[in-house]
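Take a look at this single chain in C-alpha cells; it is the form predicted alone.
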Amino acid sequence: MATIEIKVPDIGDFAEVTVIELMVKPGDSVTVDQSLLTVESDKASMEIPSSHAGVVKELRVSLGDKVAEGSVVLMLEVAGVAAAPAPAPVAAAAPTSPAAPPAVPPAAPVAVAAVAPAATGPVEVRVPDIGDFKDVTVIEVMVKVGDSVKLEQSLISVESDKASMEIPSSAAGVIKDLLVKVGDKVNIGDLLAVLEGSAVAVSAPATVAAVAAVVPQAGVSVGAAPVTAASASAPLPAHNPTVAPTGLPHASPSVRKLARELGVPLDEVKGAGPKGRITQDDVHAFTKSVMSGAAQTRAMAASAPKAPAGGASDGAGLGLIPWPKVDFAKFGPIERKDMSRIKKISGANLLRNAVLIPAVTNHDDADITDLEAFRVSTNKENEKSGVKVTMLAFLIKACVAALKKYPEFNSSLDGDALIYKNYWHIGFAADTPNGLMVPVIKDADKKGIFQISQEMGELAKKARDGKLSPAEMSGATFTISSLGGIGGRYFTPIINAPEVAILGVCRSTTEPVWDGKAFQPRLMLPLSLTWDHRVIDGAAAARFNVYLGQILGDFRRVLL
C-alpha cells in the first residue's frame, strides 16, 4: 500500500475558500471522483472530489478551515502508485473524461454580455458562460420586478449536480422584467432580466470569474488523473449531492451570510426551495415565526416530537392506535390549505410539551378594582408621554414579585437537578396576522411600569410587522398568555419548555363580592396558572396564585 496526498485543485481566482462540510472520515473507503469535502467562497459552494480510489488514512482539514489551491486535505492509502494515474492539470484532464464536462481554464475568466458604459434605456442581462453545463436549475431568485440592483449584485442561484453558483448582474439599474422563476432550466445566453435606467456594464473578464470558478470542480478529479471510462462504472459515492445532507443546511453563500448577520441557526430552518434548499425568504420567515419554545437549542430541537404530513401525531411512538384517515370530500365540499409556517414550527414543540409535561392548572380570581382605577388615572395624567400603561404591564411586575417569593416557578429541569435562574425574563403572547408570537421582556425586575409598557408596545409592533429577531423571543423564564382583549373566562395554557409554569389571564368582569356586610361591585381578573407537577406541587401553586392575587389587589406589596 502507498500513501498519497490529496490536494485542493485549481479553483480559479479564489485565494482562499472555507471548508463547510466533511463527507468522509479516517477509515472510509472512497472511489475516484467521490466527493470528499465541500468548500465555499462568497459567491459559490463546490465539492472537492477524490483523484484516486483508496482508504482515508488521515484528514488534514476540519470544518471552518481556509484552504487554497495545493492545500493537502487528506492522506489516502492506495493499492499502489501505479494504480493511480500521474497527476495532470485539471484543465487538461477534463477533455479526456467521458463522465465529466470539460473544465473551463481558470486563466480565461468568463465573459458576460457587455453593455456600453452609462447606457440608458432597456438593458438585457443574460446567463454568462458557465462552462459546459446545460440546463442548470434555478434554485433561488433573489430579486423582483421594481428592485434596484447594483453592478455584480447576485440575481439568481443555479445548481448543477456538483456545485451551486450565483449569477450576478452585468449592469446596474432597476428591474423592469424578470424572465425566470424557481425551477426553470437555464443555459448560457438565456435572458434573465431586463433593466431600465442608467446602467454601467461590468468588464467581461471580471464579471463571473468568481462564479465560473466552480465549473472545473464539477465531475473532474482533484489535481490529478484523467478519469478513465472504467471510473464511470465504479460504485456510486456514498454522498448524494442531490439531497441535502443530514446536519448540513442546504443554502447558498448569500443565504448563509444573511443567516450569520441575523443570528439564525440554519440547521433549524426548513428549506422551502428545491431539494429542501433554504432561501432568503425562509430565513426571514424563521425570524418572524420563532416564538418562545420554538427557537430551542439544537439538542432540544432534535428531541422535539415530529408530526407527520397530516399535521397530527399518529401516536405510534406512544403505542396508540393510528390517527384516523378520512376522505372528507365524500361528505361534502372541502378546501385544503397548508398550515402557516409558525404553526408548523410551534406545533411539534407544543405537542412535546403537552405530552411530556405532567401539567396541572389552578384557576383563581384577582380583585383588580383599585389597580384598574390607578391604571386609568395614571394614563390620564401622562397622556402627553405617548406611553399607554396596560394591565399586562402590572401583571408582569406582579409575576416577578411572585417568582422571587417562589423561586421554583422560575426554574428549569436539568435531568435530576433544578436550575434556579437569578434573572427574571417574562414572555408575553402577542397576537399577530401570522399567529401567536412570544416576545420577551428582559430583566423585568429592573424596569418600571412605564418602561415595561413602552417596551411591550415596541415588541408587539415588531411582532405584528414580522420583524422580531430570535434574540427578542428567547430566554424567557416565565410566560403570560393574555386573552383579555378577546374574552373568555378560564383556559389551560401549555407550558413553554424549558419553563415550568405559565400564567393565562382572561377578560376582567365586574361581579358582586361579599365584603362581610353587603355585596360590592368589584372588578375580577380570571387567572389560570399551569405548572409542571415534577417541579411544583399543588400547595405551592395555590400559594403562588393567592400571593399573585394579593399583589394585584394591593400593588404596594410589590415594594415589600
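The first residue of the shown sequence is 1; numbering continues from there. Just so we're clear, the structure is a prediction, and the values are computed from it rather than from any experiment.
The same protein has a further form, the form predicted in complex with ligand CAO, not shown here; the description that follows concerns it.
field: in the model of the complex, the residue from L413, L483, I188, M142 that sits within 4.5 Å of ligand CAO by heavy atoms
entry: So the residue touching ligand CAO in the model of the complex, by this definition, is L483.
- request: Select from the listed residues L525, V32, V500, L37 the one whose heavy atoms reach within 4.5 Å of ligand CAO in the model of the complex.
  value: Contact check passes for L525.
- prompt: Are any of the heavy atoms in D431 no more than 4.5 Å from a heavy atom of ligand CAO in the model of the complex?
  reply: The answer is yes: D431 has a heavy atom within 4.5 Å of ligand CAO.
- request: Using the partner position in the model of the complex, report whether L392 sits within 4.5 Å of ligand CAO, counting heavy atoms only.
  value: Heavy-atom contact with ligand CAO at 4.5 Å: present for L392.
query: Do C506 and ligand CAO come within 4.5 Å of each other in the model of the complex, heavy atoms counted?
result: The answer is yes: C506 has a heavy atom within 4.5 Å of ligand CAO.
- prompt: Do M456 and ligand CAO come within 4.5 Å of each other in the model of the complex, heavy atoms counted?
  reply: Contact with ligand CAO, yes.
- prompt: Among M23, K66 and F133, does every residue place a heavy atom within 4.5 Å of ligand CAO in the model of the complex?
  reply: Not a single listed residue reaches ligand CAO in the model of the complex, so no.
field: Per-stretch contact check against ligand CAO in the model of the complex, the hit in 353-361, 188-196, 172-180, 484-492 (non-hydrogen atom, 4.5 angstroms)
entry: That would be stretch 484-492.
- prompt: Looking at ligand CAO in the model of the complex, which residues in 341-375 have at least one heavy atom within 4.5 Å of it?
  reply: Read in sequence order, the lone residue that approaches ligand CAO (within 4.5 Å, in the model of the complex) is R375.
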